[in-house]
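A lone chain, given as structure tokens: the form predicted on its own.
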Amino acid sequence: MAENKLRRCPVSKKCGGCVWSGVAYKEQLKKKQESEEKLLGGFCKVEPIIGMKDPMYYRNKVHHVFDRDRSNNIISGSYERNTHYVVNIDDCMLEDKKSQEIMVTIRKLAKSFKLKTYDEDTGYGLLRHVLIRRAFATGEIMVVLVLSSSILPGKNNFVKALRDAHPEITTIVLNVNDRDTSMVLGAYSKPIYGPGFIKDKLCGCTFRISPSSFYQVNPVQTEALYRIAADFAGLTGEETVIDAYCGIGTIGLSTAGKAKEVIGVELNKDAVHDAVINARENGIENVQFVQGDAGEFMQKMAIERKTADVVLMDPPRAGSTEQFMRSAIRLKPSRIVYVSCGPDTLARDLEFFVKNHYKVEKIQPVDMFPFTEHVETVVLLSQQKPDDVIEVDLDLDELDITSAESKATYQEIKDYVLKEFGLKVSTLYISQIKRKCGIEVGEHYNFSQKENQRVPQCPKEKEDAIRAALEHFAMI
């Protein structure tokens, strides 16, 4: 493995983007391996971390915030750690070189076109951020100008000047963010040159990437990451796979060829739009994409008594939620493949799965972020089944249970439905479903006390949840 030159970034202490600037790459990998083993080694063996052959300039996404220094010169770069002071950056050892060259050109053009940079304190100024994404496989480049207004003075001339300097740019997008927020992108985007997106190739598939779409920032290591995830999934062509937090469909589409069906779920509607197009352009027909919360979607599947063979999950650094994990478990997948960018939250979430009858089988770290403390981890969990089964013959006449009613109270059923499905159900609804299932209830539980009063009927979603509770308590 080639060693990086031990060049220390001159602004690393201020920027905080490369905290291990100047540290030999082998030493970085050693530290990350030790950290992973300390956090996750109690679950199972942690495999040796997969590092990069060339760990420099790997980020395909470059974001700069624009400002002015004390001499009123236009600068761009990252916020100084724990502040909103902008650190000017000309040469970052993490960011794609070509994108950095374009960023310097935009800085010069902003000066010549007399564009005012945005001032957070006063709310005045036009140019807030610039986002550049480069597709390493295709060479396509997207430049996103984040402005406080939809009007860019001298727009046509600005676009021409930028493309004259960098003809490799394939699209330029104007994004409007006029809110007092720390978010980079606003809700409105409009292409002012090209199609408004770029395409990249990954794991044999072509992917369309829009300004707000999630796409791994290190495409070289992403290939390795997704190959491991697909291997852990153990697909044979017969499985129904849930690809949760699916983004533009990268993991789901790259594994679809080995599955019976893949269902991708994503909250970001722009990402779902791209995912649908990606499936069509790659000729993949056994994938469907759903826009919505993945936890709620799987909860609905569980209520409808549907199952999944494999759940692929790639949550943000904050990890998953208990509701999501409970919903995943309710689908009874034989395998869960967890792709994590936060080892601390991963350890927390694995504890939950282990307590709920899943076993950690494999842990594979991948160094997606050289020169930083961050590491990506792929984990395989399998549904835990008892090693021994004890068969016992019971004479039901000897059991001192006069009715199934004694197995769970109404309150216990309510508590179970709320905990497992997040639904509140009434005693009336429970009694209605009990009657449907042939369970005796009190004489007046399912009738109104008022003459000619219409009794509300239990909605199907709540009926399915109550039936699941009755099954849980062995009442049906």
Ligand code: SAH
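From a predicted model like this one, the values you see are computed outputs, not experimental measurements. Start at 1 with the first residue shown and count on from there.
Quick note: we don't show the form predicted in complex with the named molecule, though the next part is all about it.
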| item | value |
| --- | --- |
| Proximity of residue 158 to the named molecule in the predicted bound form, heavy atoms at 4.5 Å | no |
| Any non-hydrogen atom of residue 191 within 4.5 angstroms of the named molecule in the predicted bound form | no |
| Residue contact check: residue 257 to the named molecule in the predicted bound form, 4.5 Å heavy atom | no |
| Residue 283 within 4.5 Å of the named molecule in the predicted bound form, heavy atoms | no |
| Stretch in contact in the predicted bound form with the named molecule, which is absent here, among 354-362, 242-250, 104-112, 327-335 (heavy atoms within 4.5 Å) | 242-250 |
| Contact residue in the predicted bound form, chosen from 76, 100, 216, 210 - any heavy atom within 4.5 Å of the named molecule | 216 |
| 267, 220, 184, 165 - the one with a heavy atom within 4.5 Å of the named molecule in the predicted bound form | 267 |
| Contact set, 276-315 vs the named molecule in the predicted bound form - heavy atom within 4.5 angstroms | 292, 293, 294, 314, 315 |
